[in-house]
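Take a look at this single chain, the form predicted alone, given in structure tokens.
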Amino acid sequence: METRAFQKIYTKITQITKATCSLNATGVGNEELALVHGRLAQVVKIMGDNVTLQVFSGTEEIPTNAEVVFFNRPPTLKVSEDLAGRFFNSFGEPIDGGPEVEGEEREIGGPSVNPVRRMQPSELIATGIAGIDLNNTLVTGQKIPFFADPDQPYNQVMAMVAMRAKADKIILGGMGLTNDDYLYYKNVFEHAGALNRIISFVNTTEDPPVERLLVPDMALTAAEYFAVDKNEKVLVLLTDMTLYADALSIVSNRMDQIPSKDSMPGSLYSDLAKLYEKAVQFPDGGSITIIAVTTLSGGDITHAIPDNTGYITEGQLFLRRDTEIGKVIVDPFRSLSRLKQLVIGTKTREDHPQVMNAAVRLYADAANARTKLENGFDLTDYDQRTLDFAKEYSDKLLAIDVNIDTEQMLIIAWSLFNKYFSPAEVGLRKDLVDKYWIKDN
């Protein structure tokens, strides 16, 4: 970033910590960008004339007489149709070897949408993953996280969602991606021929962790351009929000703020909420749907990051490895989409709600049967059938590698009911059984 003529230059830093430096300056705005000793920094605190700057790449070897130049503006992103198909860093600069984007410059990190302009979400977002579309259907304008252990293939799931989701634009915000993950996303998007509707903002493990804090705001500013200005359905994928929160923690600790639960800053809830609340359905048809990944430490959902996330979002999708089939599934017991009732049975086939409930109830019966087996009790014929059903249900419908449409999911579910149970055991409404039960030849 270049300095401009007539910008005021300061050369007296009063305090330096590992990530911040302070000086006396006037006419400076909050979140304004600056160069400190040639390094990019951002204003994080103003107390009278005392200004504290967060230096993204750290303050090592910055002298107290270093030059500080303020840009008189917060971080911005140039928005236009040219964003599509491109990869950018945390500052919105191209990292794919392509040209700079020309367009209107917009400040990032603005307020969320006025509630008066919001509409109740009512459009289905299909992902092709049955564990989501059948049991935890997503709706445009929804905000929902994947909860996953760090060793689970959540980046592959996110890439699959990006490939399959019926959305006009997909925007990826990658925080703390390994180079392998970054190249994986790049290759998947390029080979799928879907690059023209995907925009990526990436911070890798080789970049300073503090730069991650800009990534979601960059992604959401691009999303707002396409949703508001172009009336498009936009899906924003954020991974990994735990690394984002860790970066918040690094900054607050280095500013000597008193940490809250699990070493997180006291502002964690509002920091996460200001991102997630950008999810919206507009009356004109544009929408922003946010799917994020929150990695868990040892499966602990009581940690401050997933705990706060659960209060803000509309459900969660829980990934776990099913040892019976050796695949990762979307866990039907711990996953929940709080908005699914707005679309299932209306935007999908009429039998969807009943089939979903019946399948999960039979899956629960199988879990009870497994407990009986582990405790040395004899299984009934029904118990054995539920176990066989659960294994096939996991393999054909819950596994994340299943890529079919909702109609096909319902057909498979009915065929499994027919294979293992009688209509009375499944307990579906008679009119639905008459219409959809697969009659034996």
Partner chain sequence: MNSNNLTRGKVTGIIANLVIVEVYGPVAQNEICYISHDGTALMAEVIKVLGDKAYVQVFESTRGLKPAADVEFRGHMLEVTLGPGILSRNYDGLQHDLDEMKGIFLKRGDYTRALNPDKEWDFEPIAKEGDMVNAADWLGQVMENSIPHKIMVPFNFKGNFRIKKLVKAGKYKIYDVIATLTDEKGIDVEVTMVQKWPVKRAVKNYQDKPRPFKLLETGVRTIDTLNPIVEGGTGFIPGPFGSGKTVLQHAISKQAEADIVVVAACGERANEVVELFTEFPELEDPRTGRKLMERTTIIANTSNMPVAAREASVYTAMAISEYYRAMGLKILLLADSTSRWAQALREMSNRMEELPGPDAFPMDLPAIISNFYSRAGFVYLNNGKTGSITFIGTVSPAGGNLKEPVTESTKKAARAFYALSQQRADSKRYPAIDPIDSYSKYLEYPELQENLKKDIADDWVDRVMMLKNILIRGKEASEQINILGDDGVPLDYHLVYWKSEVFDSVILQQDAFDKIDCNAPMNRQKFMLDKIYDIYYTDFNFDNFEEVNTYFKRVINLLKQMNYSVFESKDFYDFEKELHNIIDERKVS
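Positions refer to the first chain, counted from 1. Treat the numbers as computed from the prediction; the structure is a model and nothing was measured.
Not on display, but discussed next: the form predicted in complex with the partner chain.
Enquirer: Is it true that N65, L183 and T295, all three, sit within 4.5 Å of the partner chain in the model of the complex, judged by heavy atoms?
Expert: Looking in the model of the complex, the three residues N65, L183 and T295 all stay beyond 4.5 Å of the partner chain (heavy atoms).
Enquirer: Given that the partner chain is left out here, which of G345, G85, P153, G310 has a heavy atom within 4.5 Å of it in the model of the complex?
Expert: Contact check passes for G310.
Enquirer: Ok, P121, G92, G176, G131: which has a heavy atom sitting within 4.5 Å of the partner chain in the model of the complex?
Expert: Exactly one residue meets the criterion: P121.
Enquirer: Within 4.5 Å of the partner chain in the model of the complex, counting heavy atoms only, one of 158-166, 234-242, 122-130, 102-110 shows up; tell me which.
Expert: Going through the listed ranges, the match is 102-110.
Enquirer: Look up in the model of the complex whether S260 has a non-hydrogen atom within 4.5 angstroms of the partner chain, and give yes or no.
Expert: Contact with the partner chain, yes.
Enquirer: Does at least one non-hydrogen atom of K230 fall within 4.5 angstroms of the partner chain in the model of the complex?
Expert: No, K230 stays farther than 4.5 Å from the partner chain in the model of the complex.
Enquirer: Consider G27 of the chain shown here, and say whether it contacts the partner chain in the model of the complex, taking contact as heavy atoms within 4.5 Å.
Expert: Yes, G27 sits close enough to the partner chain in the model of the complex that at least one of its heavy atoms falls within 4.5 Å.
Enquirer: Should G286 be classed as touching the partner chain in the model of the complex when contacts are defined as heavy atoms within 4.5 Å?
Expert: No.
Enquirer: Scan 74-92 and write down, in order along the chain, each residue with a heavy atom lying within 4.5 Å of the partner chain in the model of the complex.
Expert: The stretch 74-92, when checked against the partner chain in the model of the complex, contributes only P74 at the 4.5 Å heavy-atom cut-off.
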